[in-house]
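Just the one chain here, laid out as structure tokens, in the form predicted on its own.
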């Protein structure tokens, strides 16, 4: 059975890849484990040298990788280049800091000597999504390999070319053969990989149902998981906000990757006193975004990754309008080929509408009017998700308090759009998952935190 890569701008098949047989997958895991046994003995210095080479390979091939990303899932070329460069930055970050993050920590006890050491676990399975097909993988792979682990990747079925290109990056950088391998398999084959005796843990970025599936299968065999799942990030626009800034940042936050991001701004909780002024500015910024061929110069937003994703998004928009939401911009499927959907703004969004309760994975903004700050905070937290959020206010002390203490999310930014950064931990709460990626918290997720005491 073949896994096909399909161009979302035309529907044309780019390439077909033969699905790996179960016995081949089992053999690959065994080879990866063998590579791990040697890799775990290497020094941080040696690992760092190779990880820096991986960063250079990424930079040298950024445009080619970006073209592949554009063809497989529709990301504009300039955004794909930025994504690949961010992967290189992540490689350099862990190459420089892994030894410090995982250094022994002395502890004073009654013993002659006590300390905590961080040891690699072994083969880690990564189940990754298509929306940031390089960055999602590297933000797991760079810290995991620097910690001394090995990895197998089950990437989304619509980006097999990206998956193989990532494996090639590590090979071209000189990492040991089989230390990082891509599995060309369907989702139905993931359980067998999780259950393999040589796979020690799993990480997944994806939907809630996918997260529940992986968590339950890993839990049944007592293997750790880290899950980064969906989000419906609230951006609070308070009565003292700089509305020009709020509208500009909200547009970028909503339309990043054509809105196909777990941490894209999705729910705009706006105090009624400034709602109409914000909406006017928001419509102006959203309508100015240039949608088109992701490979063309000047394109700011490409198509959605698949036609079925567009159909789901449009049903959510139509159902919300039928239940009383007002469409200020967009909301219609454009004619012609490609899975395009225009920047769209719904206002008057209330509880029990799809635009309120569900994740809108595309360029659709939901404006929720509220009376005051207290109601804004309550509305922001009235969600099953808890990944990111934003607060717009000129009172930075007030904004910091709301962000740090009152919003139920793993990442909250003040007067800026939420984005992942290697220097900061990334992850969510509630149905947005658990565990953390990036920073020193991320590299310690897949190590054995071992206590040693010498009497």
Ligand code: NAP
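Numbering follows the first chain given and starts at 1. Computed from a predicted structure; not experimentally measured.
Although not depicted, the form predicted in complex with the named molecule is the subject of the following passage.
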{"property": "Proximity to the named molecule in the predicted complex, single hit among 312, 216, 207, 287 (heavy atom within 4.5 Å)", "result": "207"}
{"property": "Heavy atom within 4.5 Å of the named molecule in the predicted complex - residue from 130, 101, 175, 118", "result": "130"}
{"property": "The named molecule contact at residue 359 in the predicted complex, heavy atom, 4.5 Å", "result": "yes"}
{"property": "Contact flag, residue 55 vs the named molecule in the predicted complex, heavy atom cut 4.5 Å", "result": "no"}
{"property": "Residue contact check: residue 95 to the named molecule in the predicted complex, 4.5 Å heavy atom", "result": "no"}
{"property": "Touches the named molecule in the predicted complex: residue 387 (any heavy atom, 4.5 Å)", "result": "yes"}
{"property": "Interface segment, criterion being heavy atoms within 4.5 Å of the named molecule in the predicted complex, picked from 78-86, 342-350, 152-160, 101-109", "result": "152-160"}
{"property": "Residues from 225-249 in contact with the named molecule (non-hydrogen atom within 4.5 Å) in the predicted complex", "result": "228, 229, 230, 231"}
